[in-house]
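Single chain ahead, by itself, as structure tokens, in the form predicted on its own.
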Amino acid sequence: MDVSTVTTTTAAPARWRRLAVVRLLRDTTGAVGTLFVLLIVLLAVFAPLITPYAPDEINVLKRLAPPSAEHWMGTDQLGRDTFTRLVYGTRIALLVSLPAVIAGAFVGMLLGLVAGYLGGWVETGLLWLFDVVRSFPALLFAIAVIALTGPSLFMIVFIMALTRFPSYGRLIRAQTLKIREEEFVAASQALGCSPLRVMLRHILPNAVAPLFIQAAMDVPVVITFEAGLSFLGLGVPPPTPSWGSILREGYTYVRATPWLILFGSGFLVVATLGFTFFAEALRDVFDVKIRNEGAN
């Protein structure tokens, strides 16, 4: 293999990554999704610099105040600034969704890889585990567990990771079943590579792309799920600001203060649409790569 071949092989992934970013941003859906996701992330990171008040600062003299120059999105029943609480609520949304999705994807990836590569009774047992976990309705399971342990951020993350990993496991298993029949896998086995090395070095890098897409699509699902639990009073305990708890408080005073529902729903919609659009555009980018590889 000459120098030019090595250079071309090394530059191909970097070139495709640049093209993928361009393709993602050129697509209207991808650009809007990326913009919304960046907005949510920036709000979460720079919340103390953006907000004019503390999220738990009470001012009973200005309770249920309408939107004004002093309080851009009004106040709640305790006089707390709604804009400040919604901005800090982005932190809770990301602190729940991202660790839950990452943990669920990591566990599902490992189990799905083992099931697809080893097969036999190992695959049967892991598929049985996936089916058992998926048979429990996520909301009812969450309500039952939180009723016993009490609401907490850690428990919500744990429940969401536990209920999401079977879908990732089945996805990686399906990819592994397809890739393990490829010639490069047979060649690595013939060279004496251990099963662990074959799985981690040769199969996993070629099977993980759909996992990223599925994980990105699951982020808005987890955000909405956490908001639903908080709306039911089973989310993060007060006075921690959560979009679901803000919506619950707004529903209680909806006739007098509709802005709590309006602005709270707006933040939730922006986050949900942002991650959904971003995941759909990401899927289209990878589909283009797969289609081009098949054509070549």
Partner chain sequence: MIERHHSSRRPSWRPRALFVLALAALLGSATVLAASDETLSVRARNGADINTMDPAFYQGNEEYNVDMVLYSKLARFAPNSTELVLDAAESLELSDDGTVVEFRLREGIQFHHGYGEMTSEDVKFSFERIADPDNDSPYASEWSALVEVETIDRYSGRIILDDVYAPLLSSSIPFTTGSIVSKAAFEDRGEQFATQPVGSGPYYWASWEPNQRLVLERFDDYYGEAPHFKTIEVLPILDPLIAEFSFDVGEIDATEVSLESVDRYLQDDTVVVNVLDTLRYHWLSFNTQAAPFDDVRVREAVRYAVDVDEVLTGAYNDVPNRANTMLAPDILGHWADAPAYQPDLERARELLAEAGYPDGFSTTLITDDVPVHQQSVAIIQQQLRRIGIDASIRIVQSMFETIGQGGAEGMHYASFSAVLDPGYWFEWFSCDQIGAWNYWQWCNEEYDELKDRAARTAEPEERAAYYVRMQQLIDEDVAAIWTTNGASIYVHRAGELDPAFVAMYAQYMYWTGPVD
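Computed from a predicted model, the values in this text were never measured in an experiment. Numbering follows the first chain given and starts at 1.
Form predicted in complex with the partner chain: not shown, discussed below.
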{"property": "Residue contact check: residue 151 to the partner chain in the predicted bound form, 4.5 Å heavy atom", "result": "yes"}
{"property": "Residue 60: touches the partner chain in the predicted bound form, heavy atom cutoff 4.5 angstroms", "result": "yes"}
{"property": "4.5 Å heavy atom contact, residue 77 and the partner chain in the predicted bound form", "result": "yes"}
{"property": "In the predicted bound form, residue 53 touching the partner chain (heavy atom, 4.5 Å)", "result": "no"}
{"property": "Candidate from 254, 39, 31, 45 lying within 4.5 Å of the partner chain in the predicted bound form - any heavy atom", "result": "254"}
{"property": "Interface residues of 88 to 110 toward the partner chain, as seen in the predicted bound form [heavy atoms, 4.5 Å]", "result": "none"}
